[in-house]
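Just one chain follows, in the form predicted alone, and it is written as structure tokens.
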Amino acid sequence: MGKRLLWSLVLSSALTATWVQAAEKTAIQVMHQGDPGFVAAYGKVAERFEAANPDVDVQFIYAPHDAYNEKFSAAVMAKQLPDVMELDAPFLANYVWSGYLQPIKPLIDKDLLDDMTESNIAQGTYPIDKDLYAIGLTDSSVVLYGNKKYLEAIGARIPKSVDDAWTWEEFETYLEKLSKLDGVKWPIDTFRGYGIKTEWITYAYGPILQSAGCDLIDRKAWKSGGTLDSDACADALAMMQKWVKNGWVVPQSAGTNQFFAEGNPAALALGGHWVYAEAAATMKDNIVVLPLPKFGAKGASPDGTWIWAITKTSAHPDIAGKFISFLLKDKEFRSFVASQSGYPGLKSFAAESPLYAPGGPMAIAFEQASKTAVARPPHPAYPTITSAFMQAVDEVFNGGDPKEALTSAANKIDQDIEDNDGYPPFGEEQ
């Protein structure tokens, strides 16, 4: 009886202590996406952060990549925004304009802010007030991967820098030659297998239009009509439609790995930087990394990736900023990201990444960041811009008329902007 009472008192004391300890902890919620490897890495970072800050409890909210914006919208409707959120960079303007995010400069360690590359600053900056709302360890780009054996067989020129990129004429000449080469089933994989539910089409194909001399929207007047449906854009999309009609492009039904699949059925790949690690593992020295071709007077390449922001409703923005700073400096996390061929968004991370250093196999990809990178339109109407453009490209790849498809897309974009009274102060003189 006495012992039961003693154990009861001990247990009661322990529970009370545990309750007090839990009550003393400050919880921050972190909403994120990512594949299983990154999800596990975030969890380990949180463990190390909590060990260094025992009064903080980091709680994760996972949202699938393809349904991230829908889950975030549900959180908005429920008025249950997290403290920290990962977001896809081109959607930043929409989130800031909608009042969801707060400037983060006062909340992030200054040495990290000073360490950001120009394109990292650009992807996290809101164009109206020029303030920084998000930061990332990484950025991104798309390059042209080539099968060295096939390119040597057709006598293709191998560019050594972004300034030496293939012209439109060279690119199509090589596609035609590759289409007749033994062993090549498709001259190029443009990763149509990603489908139209991700950002891939706007992210990867938009720069082809920009290189050809047009854009998805006029970035001063913020009108799409007259720009997206211009002859330059229609001609560029007609060019891509010809690649598909000629059977030069890996079809969507073939999946997303035909460049480095067994037998190497695709000779080239218009692929993201993340493709390199997997392709190099199987192709070894038979892979070459080339800059994106010039389809007009200038080169263009994409940038922007998933970056970290703090919501305006966060009750603990100082802890949220402390967690983001911890994440971006964490050595184990940086080592993991480097192993995934993470594209540097911090100068110190570039120095730690031999892939992207001068002379490294992906050096051309990092060269694009300072010479040809063009951000997706930083406008609150971006969700409509990307949706309309992706639908137009899909329609054209399936046989639709490029001019008609782009005109329809431009009309949808301009109608959305008109329906929102221009998303002021966008469209007004600053």
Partner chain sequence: MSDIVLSIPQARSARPRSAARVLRSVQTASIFIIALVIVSPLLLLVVASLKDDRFQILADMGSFRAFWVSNPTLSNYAEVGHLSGELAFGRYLINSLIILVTTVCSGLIVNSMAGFVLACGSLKGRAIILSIVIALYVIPQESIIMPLVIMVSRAGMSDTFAVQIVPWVASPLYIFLFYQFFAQLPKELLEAAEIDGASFFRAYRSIFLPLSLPALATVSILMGIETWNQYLWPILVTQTDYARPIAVAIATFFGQDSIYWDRAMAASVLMMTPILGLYLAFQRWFVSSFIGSAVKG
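Numbering follows the first chain given and starts at 1. For clarity, every value in this text was computed on a predicted model and none was experimentally measured.
The discussion below concerns the form predicted together with its partner chain, not included here.
Engineer: Is there a heavy atom of Ser98 lying 4.5 Å or less from a heavy atom of its partner chain in the model of the complex?
Structural biologist: Flag for Ser98 set to no.
Engineer: Taking heavy atoms and a 4.5 Å cut-off, does Gln258 contact its partner chain in the model of the complex?
Structural biologist: Yes, Gln258 sits close enough to its partner chain in the model of the complex that at least one of its heavy atoms falls within 4.5 Å.
Engineer: When the contact criterion is heavy atoms within 4.5 Å, does Ile61 count as touching its partner chain in the model of the complex?
Structural biologist: Close contact exists here: in the model of the complex, Ile61 approaches its partner chain to within 4.5 Å, heavy atoms only.
Engineer: Any of the heavy atoms of Trp306 lying within 4.5 Å of its partner chain in the model of the complex?
Structural biologist: Contact check for Trp306: yes, within 4.5 Å of its partner chain in the model of the complex.
Engineer: Considering non-hydrogen atoms and a 4.5 Å limit, which listed residue (Asp66, Asp394, Glu404, Asp57) is close to its partner chain in the model of the complex?
Structural biologist: Residue within 4.5 Å of the partner: Asp66.
Engineer: Give me the residue from Ile121, Met239, Ala74, Ile158 that has a heavy atom within 4.5 Å of its partner chain in the model of the complex.
Structural biologist: When its partner chain is considered in the model of the complex, the option within 4.5 Å is Ala74.
Engineer: In the model of the complex, which of the stretches 213 to 221, 159 to 167, 324 to 332, 78 to 86 has residues with heavy atoms within 4.5 Å of its partner chain?
Structural biologist: Result of the contact check: 78 to 86.
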